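Two forms, one chain: they're shown below as structure tokens, one block per form, named structure 1 and structure 2.
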Structure 1
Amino acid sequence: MSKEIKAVRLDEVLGEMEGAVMQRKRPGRIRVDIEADALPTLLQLLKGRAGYLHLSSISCVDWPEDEEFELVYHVWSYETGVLVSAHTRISKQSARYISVYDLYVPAGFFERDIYEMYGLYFEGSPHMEKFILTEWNGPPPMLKSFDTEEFVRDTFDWKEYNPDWLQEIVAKGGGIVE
């Protein structure tokens, strides 16, 4: 199938999806904003009809002011050489979403990662047990509300470091700027 036909298919798919806002950012990069409940359908159509076989990654962004998580699905078409980033927003209150593991196997890793780091649960994902933070009891660390510096100050002590050269500088009126 030629590149042109595939490219047309992409426009068709996006045209069929109601409420999908498309934005061409630069050659080979397309941004789509879509409602959360329509996103799995969009990915299904992209994969099935437009040849977007490769899920490059799923990124999660925390927006504390809006009380929302933003999920970004980056899918890539080997044939047309276009990367579509599908953006959607999930409310923090529910913090649940639907897994796309059935569609894209790589989603298994990213969904597990997002659950660990943000606490956003994906229903239907096969491996939702902890992977990286198995020995971590605190809140999901990537949330903006978690302050890593505060945690470190509460948990760890620092080694005193006050060498002669620093004392000399302090004596002259200098020193470390906090």
Structure 2
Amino acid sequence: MSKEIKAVRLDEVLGEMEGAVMQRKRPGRIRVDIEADALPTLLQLLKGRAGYLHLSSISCVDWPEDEEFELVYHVWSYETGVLVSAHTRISKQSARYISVYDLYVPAGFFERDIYEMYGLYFEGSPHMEKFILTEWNGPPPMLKSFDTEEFVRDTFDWKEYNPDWLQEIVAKGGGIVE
């Protein structure tokens, strides 16, 4: 199928989505801003009618001043070489959103990562347990409100680290000298 026909299909699909705002960022890159409740429908139409078969990633941005998370779904068309980034925002109050695992299986990995790092739960995703931070008991570490230094001070005991090998280096004039 030609790129022109697929491009027309993409324009038709986006035209059907009420409230969707499209920006052509540069050749091969399109940004779509859409309401959270319409995003799964948009993704389904992009995959089924416009050939966007590959979910490259799902990104999350913490907007603390707005009390929102922004989710960005990056979908790729192999036929046209165009990447669509679908942006939506959801309230941090609920910190829940619907999984698109049934549409794009790789979403399960991205959703699990976002849940672990931001605390945003995806309903319907098959794997919402910890994966990387299995021993972590602190708050989600990617939130902008997370203070790494404060967490370390409150969680760990400070121990002076000055092993023999480092003392030898310093004695010879190397290493870090205060």
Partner chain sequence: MRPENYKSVEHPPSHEYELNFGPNHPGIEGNYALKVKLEGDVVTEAKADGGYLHRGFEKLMETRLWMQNIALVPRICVPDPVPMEVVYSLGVEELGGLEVPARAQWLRVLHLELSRIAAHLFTFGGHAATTGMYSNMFWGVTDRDYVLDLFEQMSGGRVYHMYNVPGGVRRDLPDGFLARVSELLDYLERRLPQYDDLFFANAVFIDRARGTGTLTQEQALSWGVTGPNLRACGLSFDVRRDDPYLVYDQLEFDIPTETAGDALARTLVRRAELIQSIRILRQVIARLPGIDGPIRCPLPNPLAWNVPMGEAYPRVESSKGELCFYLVSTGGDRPHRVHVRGPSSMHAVQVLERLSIGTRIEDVAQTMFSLDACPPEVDR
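Keep in mind it's a predicted model, so treat the numbers as computed, not measured. FYI, numbering is relative to structure 1, first residue = 1. We call the rigid core whatever largest set of C-alpha positions still superposes within 1.5 Å between the two forms.
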Of the two forms shown alone, the one predicted alone: 2
Exceeds or equals 2 Å, Cα of residue 16 between the two structures, core fit: no
Inter-form CA displacement between the two structures at residue 165 - rigid core frame, Å: 17.7
